[in-house]
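Here's a solo chain for you in structure tokens, the form predicted alone.
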């Protein structure tokens, strides 16, 4: 067993025993990665905070369903992505009467995410997981529960769409 697998097993066992502080510590260690994934879907700090909190609750309540502790991170990311998708569906149902203005700081810092938002969601999520979060194609396959060939083709097509967008600018 590798060190990461042993750490994941300890983490999962502690969470199952109700020791929430270990889950919070893990989230804090991975907050940049988790935030970037959520930002690529939501583009709103308040929504991201809500989604991360909802994810934390779901993970804590459903930790007993995790069969392989060495897949804890991919399981957590899957829940996070599903929560982001749920939030987006709820937001699409709401009718916005005012246009939302972004302050310049966020546009400058995250301008890439706006371009990324222009491509189809199925391509966006694999690109975010691969190039922003640093997951391997095998891990992405596990997180999204799709074949690795599908992951590869979505990465290729997504990058092709991004290149076309960059050419237009």
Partner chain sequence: MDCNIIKDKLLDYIDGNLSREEATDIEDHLIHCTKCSEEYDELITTIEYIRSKSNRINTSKELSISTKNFTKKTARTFTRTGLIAVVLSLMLVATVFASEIFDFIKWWKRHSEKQTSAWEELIENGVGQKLDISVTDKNIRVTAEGVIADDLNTIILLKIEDLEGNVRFVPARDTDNHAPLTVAGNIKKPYEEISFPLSANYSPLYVEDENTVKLMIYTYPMDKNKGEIEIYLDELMSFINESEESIVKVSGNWNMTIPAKKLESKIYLVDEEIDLKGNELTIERITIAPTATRIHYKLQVYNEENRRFIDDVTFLIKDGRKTYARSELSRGGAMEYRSFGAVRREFDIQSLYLKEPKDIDLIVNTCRYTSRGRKKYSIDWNNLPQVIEYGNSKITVEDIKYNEDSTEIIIREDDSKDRQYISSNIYLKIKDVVKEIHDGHEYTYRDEYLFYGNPIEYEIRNSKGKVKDGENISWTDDMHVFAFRQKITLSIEDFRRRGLSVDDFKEYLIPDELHIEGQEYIEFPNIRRNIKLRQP
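Since this is a predicted model, take the numbers as computed values, not measurements. Numbering follows the first chain given and starts at 1.
The protein also exists as the form predicted in complex with the partner chain; that form is not presented, and the subsequent description refers to it.
Contact annotation: residue 122 falls outside 4.5 Å of the partner chain in the predicted bound form, judged by heavy atom distances. Interface residue remark: residue 117 is not counted as part of the site for the partner chain in the predicted bound form, having no heavy atom within 4.5 Å.
Although the partner is absent from this view, residue 139 stays clear of the partner chain in the predicted bound form, with no non-hydrogen atom inside 4.5 angstroms. Residue contact with the partner chain in the predicted bound form: residue 41 places no heavy atom within 4.5 Å of it. Using a 4.5 Å cut-off on any heavy atom, the residues of 64-88 that reach the partner chain in the predicted bound form are, in sequence order, 64, 65, 67, 75, 78, 79, 82, 85, 87.
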